[in-house]
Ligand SMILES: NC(=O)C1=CN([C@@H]2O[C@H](COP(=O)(O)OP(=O)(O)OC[C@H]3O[C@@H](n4cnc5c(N)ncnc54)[C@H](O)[C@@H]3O)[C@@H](O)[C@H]2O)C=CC1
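Below sits a lone chain in structure tokens, taken as the form predicted alone.
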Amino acid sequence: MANTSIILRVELNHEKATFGDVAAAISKAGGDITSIDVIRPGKEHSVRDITVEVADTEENKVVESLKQYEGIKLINVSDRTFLVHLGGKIKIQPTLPIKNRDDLSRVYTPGVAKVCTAIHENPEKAYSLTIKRNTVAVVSDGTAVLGLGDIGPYAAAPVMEGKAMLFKQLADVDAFPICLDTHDTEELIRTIKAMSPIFGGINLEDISSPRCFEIERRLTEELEIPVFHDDQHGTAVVVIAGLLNALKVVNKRIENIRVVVNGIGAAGVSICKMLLSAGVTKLVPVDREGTIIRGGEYSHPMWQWLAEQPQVESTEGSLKEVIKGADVFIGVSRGNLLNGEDIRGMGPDPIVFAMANPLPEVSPEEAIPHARVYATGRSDYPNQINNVLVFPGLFRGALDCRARCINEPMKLAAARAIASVVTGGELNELYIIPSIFNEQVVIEVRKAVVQAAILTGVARRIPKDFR
């Protein structure tokens, strides 16, 4: 269960209540006091800030428990997560100070005019004379935000700001959140194209399926900068990275395994594509209606593409039916679809990636007794499959070599690079994927992406460390 941290500002009437009453009330409601700050001491009354760790679902119980006591006045309740969002989480800073008229004339008028003229004569100079070479737009329309669904562009902004923070901290990429107030596919494409001159890359985020496929495809075709839908490809890259290492643990080869993928939306389709690129020969895509079979007819364009692939099985059935005997299960769907018996019915040493949030497709309590390797999308279990491992290093590499696009070889190279960070001596059932805070991840992903871009002819610049 996910926890949160709240700060309670409490006023005590010492004639009617003690701090022991406060502590007892919080504990009874399921809270754990982690710190106490005296704001205003006094003999008759005192005010304190009490920081409490509590399960997300128990926050109201703590508040209501305190209200039952005469002599305890609850002045304010602050969620520490909300506090860090006050005023937003990012800002823009100049690279040099403007202290006098001479400085002003160089960074603005009249001096800037000669720079504008130089770029007009040669647009490629925008990469050296503006922020373009190190700036990514993080773009969403708010239609598929986390597990919240279509909550709109305003509510999507905190996620996009957080993504920009990760870009900067992990890979020193300047990213800016762009939340667009339209659901129209053509308008989204036009708007992103129109604002693209200032950006070196476009990171699409939290755009609903199947619109996201068309938007990414069109932008990739019509722009000369990298376009990457992270919900699709970031997830797929880290899944492949984890799978490559999990296969080492169970001593199986990727061309010999049978893989069941449940949830054929944005992430599921990209995972299936990357599995095929990585060498999987037996693939079973499953959605709510059942399996997507080879030779079938589907209105969803990506499902139809899968149905035309020779590696996709032609056996119909439900998830519980087709998972029998499978070597690998990958879930990007919804929680509690499977149980321990389903995992026990898989092949020897099964690998289970149950990545639905907040509840995995099969709980660890049910899966771990039967699965050789178990991974989720959560941070409170081992083997977190998290796309934060992917996009910082991938864009760092793409920007450094000024790649025209991000192609399949670059994504597969990124997956292998992430896997390589977990060395042979460290690799085991509980550690198949590195931490997002492992600095080596960005370094290795960036290097692999640049090499793949050069080899596939999409790099327009060779970085100095590759010459």
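What you see is a predicted model, and the numbers here were worked out from it, not measured in a lab. All residue numbers refer to positions in the sequence shown, first residue = 1.
We do not show the form predicted together with the ligand, though everything after this point is about it.
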For a quick test of understanding: in the predicted complex, does each of S128, C405 and A452 have a heavy atom within 4.5 Å of the ligand? no
Interface stretch in the predicted complex with the ligand - options 287 to 295, 219 to 227, 249 to 257, 183 to 191, non-hydrogen atom within 4.5 Å: 287 to 295
Does T135 make contact with the ligand in the predicted complex, using a 4.5 Å heavy atom cut-off? no
Is there a heavy atom of P369 no more than 4.5 Å from a heavy atom of the ligand in the predicted complex? no
Please check if G142 has a heavy atom lying within 4.5 Å of any heavy atom of the ligand in the predicted complex. no
Determine whether any heavy atom of R344 comes within 4.5 Å of a heavy atom of the ligand in the predicted complex, and answer yes or no. no
Considering non-hydrogen atoms and a 4.5 Å limit, which listed residue (A156, M274, M355, M302) is close to the ligand in the predicted complex? M355
Using a 4.5 Å heavy atom cut-off, which residue among L394, A266, V328, A241 comes into contact with the ligand in the predicted complex? A266
Sequence-ordered list of residues in 428 to 467 near the ligand in the predicted complex, where near means a heavy atom within 4.5 Å: none
